[in-house]
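As a starting point, one isolated chain is supplied in structure tokens, in the form predicted alone.
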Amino acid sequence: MKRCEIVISGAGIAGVATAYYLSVKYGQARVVLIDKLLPMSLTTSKSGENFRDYWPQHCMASFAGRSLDLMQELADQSGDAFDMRFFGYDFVSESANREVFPSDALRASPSGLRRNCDREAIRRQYPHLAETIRQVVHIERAGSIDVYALGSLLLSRARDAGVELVCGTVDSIDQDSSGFALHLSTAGGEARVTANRLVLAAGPFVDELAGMLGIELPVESFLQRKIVIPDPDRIIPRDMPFTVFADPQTFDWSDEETELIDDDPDYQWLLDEFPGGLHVKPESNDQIKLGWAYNRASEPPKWDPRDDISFPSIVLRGASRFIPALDRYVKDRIPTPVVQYSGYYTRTRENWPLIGPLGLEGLYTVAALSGYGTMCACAAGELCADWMMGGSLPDFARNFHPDRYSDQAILAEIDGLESDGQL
């Protein structure tokens, strides 16, 4: 049996960041990280590795901004160990009037945005974009990082500060007046870890762990995908920012294709409208990465989620709407090898995270970082550590508290949201 002060269940980027801030910021040496797999090898490894501070709500913008501040500090301290690059995001639209993320807050405070609605200027500056594009909004404080290198830096420093790593599957959790006991299956057999306090940071499996303690979290998991393909025709400029098509779209199927699709119930969804948010960016070695979080069907998470053979052709067809030259990869042959990443967006209905104390004494969570775990993990880990250690809390802490749905003011704010900021 291992006895410690704090157990963190889940060694993805959020769990690792929590361990880092508990041990480095607050000097908590008796911290144990538990995970079934190697650190950062499940959801974190499927990250798009991007960051932005542009969100439709003040709480999320402040949260992401704080995380970027923390990452920048770490980059400065480490000699940029995780390749933090600021090249911005471009949101593009076929409408000069469309708001990328509708929000009264953003309308009142457009700092950090550059909006270009000059058709001729867009054609000169962005010749790869479709002639139908009428608006380009450039987000200044955005870019990319090497998320595994960031996590490795945090984990290395946490372990130097005394954090231990245990590889095992949590089979059950007991709680009594002395704290928590986690019963594990490990390579060496059964094990037991006890602690005064417990943090649930298990990504898509956080609800399963909470259920072991009789708690139901307001989260659902959605399987989303990205692909990386070669770009032999060099369609995507190597200096193109992370580019997002803000508009929803339907596909222009031929009459024959429409008839075939409509006759098959399994594929009729291809005739529906797809949401905005399809994104493309250049990747290393003449590759491109594309993603589109269009799946709206939640499901119980699996450790080894399936690939979808239709996704590459769907996302390329959608991307050719605003980068027309990509259509040749649709009509001819998708360049190979095609590498597909499948990971879960575990989220609340408003797409705000759950960070802070749960219903039992000594129980906390860092969860529901749907699609933005890479960019917000540092602020999420710091916030959980602040809750646990009695530190000064930021203004956005209350918005992310797990019991926020009992706060009528916050509930009214949630009910009035125009956009959840998901990409």
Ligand SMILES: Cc1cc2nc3c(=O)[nH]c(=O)nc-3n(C[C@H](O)[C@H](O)[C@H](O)COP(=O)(O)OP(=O)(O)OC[C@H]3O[C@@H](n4cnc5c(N)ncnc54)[C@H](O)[C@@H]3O)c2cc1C
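One-based numbering along the sequence shown. A quick note: this is a predicted structure, and the numbers were derived from the prediction, not measured.
One more form of this protein exists, namely the form predicted in complex with the named molecule; it is left out here, but the text below deals with it.
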(Q) For the three residues P204, Y344 and M375, which mark the spot I'm curious about, does each lie within 4.5 Å of the named molecule in the model of the complex through at least one heavy atom? (A) yes
Q) Just one stretch in 384-392, 43-51, 62-70, 355-363 has heavy atoms within 4.5 Å of the named molecule in the model of the complex, so which one is it? A) 43-51
(Q) I'd like to know if Q224 sits close to the named molecule in the model of the complex, meaning any non-hydrogen atom pair within 4.5 angstroms. (A) yes
Q: Indicate whether the named molecule has at least one heavy atom within 4.5 Å of a heavy atom of S313 in the model of the complex.
A: no
(Q) Q57 versus the named molecule, in the model of the complex: is there a non-hydrogen atom within 4.5 Å? (A) no
**Q.** the named molecule contact in the model of the complex: A11, any heavy atom under 4.5 Å
**A.** yes
Q) Of the options G276, P301, G168, G318, which one has a non-hydrogen atom that comes within 4.5 Å of the named molecule in the model of the complex? A) G168
Q.
For the stretch 409-423, I need every residue with any heavy atom inside 4.5 Å of the named molecule in the model of the complex, listed N to C.
A. none
